[in-house]
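Take a look at this single chain, the form predicted alone, given in structure tokens.
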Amino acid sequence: MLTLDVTGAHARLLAGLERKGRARRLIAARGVDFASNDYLALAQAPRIAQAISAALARGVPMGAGGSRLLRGHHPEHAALEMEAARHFGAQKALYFANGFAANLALFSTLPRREDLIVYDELIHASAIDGISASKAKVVAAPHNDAQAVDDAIRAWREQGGLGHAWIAVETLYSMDGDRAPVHDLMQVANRHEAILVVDEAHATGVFGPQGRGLASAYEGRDNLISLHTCGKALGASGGLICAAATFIDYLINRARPFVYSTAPSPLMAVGVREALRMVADTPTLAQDLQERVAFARARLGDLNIETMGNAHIIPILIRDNARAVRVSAALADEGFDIRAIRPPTVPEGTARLRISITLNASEDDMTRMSAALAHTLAKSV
């Protein structure tokens, strides 16, 4: 058998990642959940499972069989999009297989060559990839600095910029657990006739009236586009872009990740629709989560563990890559699933543990986790 050395370069790159403590591996879930984005514990909710079972019984297929523009468009997709637009207060919604595809489609399609995109330096990788595929001029703004966004747009105009400006942010940042200054950014957008694009991934279902997110007060405006991912607090999968009807229709016509992708499962559309109904008619879900977040932060504070952010994502800064991995592994041995986050997901020198508070963990779990974390951090210095 002919043997060719075609993997050598990749093997050397992998070895380099190992030396830097940045090699990634697939690790199965084990122990109490302090790692997932299943904030409201809906991923195994009986009500959603029953809705999907009922859909199967009435003949809804598992697979779409093609792209939405071929034979893959199912009434369940349309029903979800109609209900999502109504729920979030948008003119129209479009359902994608995941939030990554939605961000990629949005930023690679809607901004035009003569436009400007100003994005927060800590925005999701999926948004970065979409922005990189755009033909618009691109500027990164310092994190959560609305004035810097304003200055970037003014400078672009002074240099002859003639198109529209697009402002791209997350409302709740997935690795720092802090919130965007949405009100200030909306004012910047209004001053410059710009479009504010908010990724509500970690806020959907958790914040705002009926879980509509941190930018819900501005939904329905022509210059607001929101992305609501369905695989986090909604417990399912997919991504919903909510926007003015013209933007949605343009995506249907020109967004390659939409046009050329097999449609999401119609059964998943059923599950997402039921999840939206649950967050709308069960406000105690979000309330219970906030109570557990307060409890967990208090327990960590009692043990002098320094935390970041102000939400259900609680980063613990470790800095050293290898130490972050060791602490994560030790906690797993104690029965707590907390993952180490390292560069390039976060900036160099800011490796951390990302503690995710969900309704899958009880107050007793949080008390025991905090004690185990304090003990492990002390041992791993």
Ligand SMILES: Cc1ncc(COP(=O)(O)O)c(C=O)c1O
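For clarity, every value in this text was computed on a predicted model and none was experimentally measured. Heads up: residue numbers just count along the shown sequence, starting at 1.
One more form of this protein should be noted, the form predicted together with the ligand, which is absent from this view; the next part is about it.
- For the options Ser108, Ser265, Asn98, Ser261, the residue carrying a heavy atom within 4.5 angstroms of the ligand in the predicted bound form is Asn98.
- Only one of the listed residues (Lys232, Arg212, His77, Arg273) places a non-hydrogen atom within 4.5 angstroms of the ligand in the predicted bound form, and that residue is Lys232.
- Taken together, the three residues Gly177, Val293 and Ser356 lack any non-hydrogen atom within 4.5 angstroms of the ligand in the predicted bound form.
- With the partner left out here, the ligand still marks one of 69 to 77, 141 to 149, 215 to 223, 198 to 206 in the predicted bound form; by a 4.5 Å heavy atom cut-off that stretch is 198 to 206.
- For Asp120, no non-hydrogen atom is located within 4.5 Å of the ligand in the predicted bound form, even though that partner is not displayed.
- Contacts to the ligand in the predicted bound form (heavy atom within 4.5 Å) from stretch 99 to 135: Gly99, Phe100, Asn103, His124, Ser126.
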